[in-house]
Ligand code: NOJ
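Let's start with one chain on its own, the form predicted alone, as structure tokens.
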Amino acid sequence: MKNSPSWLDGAVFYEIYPQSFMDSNGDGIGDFNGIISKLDYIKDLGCNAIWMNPCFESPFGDAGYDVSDYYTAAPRYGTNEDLKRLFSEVHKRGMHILLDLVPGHTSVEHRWFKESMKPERNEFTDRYVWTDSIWEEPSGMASLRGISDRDGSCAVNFFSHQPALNYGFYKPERPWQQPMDAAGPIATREELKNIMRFWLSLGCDGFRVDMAGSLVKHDENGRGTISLWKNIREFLDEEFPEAAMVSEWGEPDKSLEGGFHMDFLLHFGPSHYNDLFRCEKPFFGGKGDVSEFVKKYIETYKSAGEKGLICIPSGNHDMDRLSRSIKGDRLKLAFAFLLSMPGAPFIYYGDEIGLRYVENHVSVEGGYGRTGSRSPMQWDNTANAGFSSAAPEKLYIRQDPAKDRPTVENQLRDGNSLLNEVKRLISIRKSSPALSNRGKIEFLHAEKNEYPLAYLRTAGDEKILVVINPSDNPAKFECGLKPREAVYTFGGEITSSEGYITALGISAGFYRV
């Protein structure tokens, strides 16, 4: 793999869920022009890169992760020209934007799938994973059966309306399981390149790839899928060497070998990410444990090597809102952590103002319990918190009804707000090589059921000690470093005496050493 795009080294991402960010035409659903109108806000926050959730044509049975046309923008958001203008406006501000690419499955409404259901062989017969008989399901996977005259069952990846695209089987065991080099899987892979080529040519800067590690089926240790992405990496290096690729994989040893520049620490799997923010006793809630997370993080960090980046997001459209478990000033400590760790930070829209999880939401677009984390952004104190001019009952997703709901307008006026603290932290991060995406990290104190968390960030001659204590009480740890200058403090400065450093309760600080 060639070196990653240079802009990733200083990237701070902002995730936009397009239907809930800003509505420009009063239909109750966010859109491209609404996003354009708020780009200056994102830039002022300090974010210089955007990840936008799926925006292609879709019946929206799963929030756009069920694509019905990869080459056409969803009309609810605007046209391809509107999307192209969004790319242009992002670039005018010195920012970059990634589209959300869903390569593993489509909607049942996609033309490819409708053609694949026909009993007569055609160009799309092998575009999806089908068994040879209606009586046989693909082992280990759910399937669609009895839906057409074609004899066979079609594998699905998640919801029953998401048929799995065919990239082949690493080790075929049944006649219908095609090898990776069969004509059908190769055609699917080449069409994926065409999709990427189309949007990169229109001006997007790369992709966040959904379920990137799941494409090849029965894939022993990910070897088949890694090989597939290596092939795509060769195409990108040849035609679009500046295209950034971020994977939803959660195993950087595999994703980075495949040619991705960055991987996410996922909220599911072995990362212990939820130990920090979303469990019965989260570490940043003041009564939790960080040790298992740190152990796994060190392992992941080493596997990423010098070229790879790891993202620890504030949240995303699939998780509870950060503010559901972390309250008050501890939210500021959570961001002190997120914005002082290596890799490119990702802020989920609204987390920077403490947007709340909206309880008891009826599911929208397959969101179910996730729907409460997808409510409209709250901009000001006008109707619908400035999100839309539609009648409240016409909002696609219900908004936080509380009178004290946080808004951008109110928090900008309050010097002590979460929003202003996040802006401050991003600014400090950008001014410090040690705190940057590629600065190195060494953990100094992350003991089981103990506070504080302490680590050293280094780049060149700059060394910065980070100490974060979300607990109510002062906490100390043994440390031979001598703090010289405070770069950032919240809740009071640390004290250093007789080889120990003590941090006040609910405090965070960055110190030159």
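Here the structure is a predicted model, which means the values were calculated and not measured. When you see a residue number, it is the position in the sequence shown, counting from 1.
Absent from the display: the form predicted in complex with 1-deoxynojirimycin (NOJ). The rest refers to it.
Checking 407 to 415, 387 to 395, 193 to 201, 155 to 163 against 1-deoxynojirimycin (NOJ) in the predicted complex, the stretch whose residues place heavy atoms within 4.5 Å of it is 155 to 163. Site residues Asp62, His105 and Asp210 are all in contact with 1-deoxynojirimycin (NOJ) in the predicted complex, judged by any heavy atom within 4.5 Å. Only one of the listed residues (Arg189, His317, Arg127, Lys217) places a non-hydrogen atom within 4.5 angstroms of 1-deoxynojirimycin (NOJ) in the predicted complex, and that residue is His317. Contact with 1-deoxynojirimycin (NOJ) in the predicted complex, defined as a heavy atom within 4.5 Å, holds for exactly one of Arg370, Arg85, Arg223, Lys295, namely Arg370. Taking non-hydrogen atoms only, Glu248 approaches 1-deoxynojirimycin (NOJ) to within 4.5 angstroms in the predicted complex. In the predicted complex, 1-deoxynojirimycin (NOJ) sits beyond 4.5 Å of every heavy atom of Lys332. The closest non-hydrogen atom of Arg374 lies within 4.5 Å of 1-deoxynojirimycin (NOJ) in the predicted complex.
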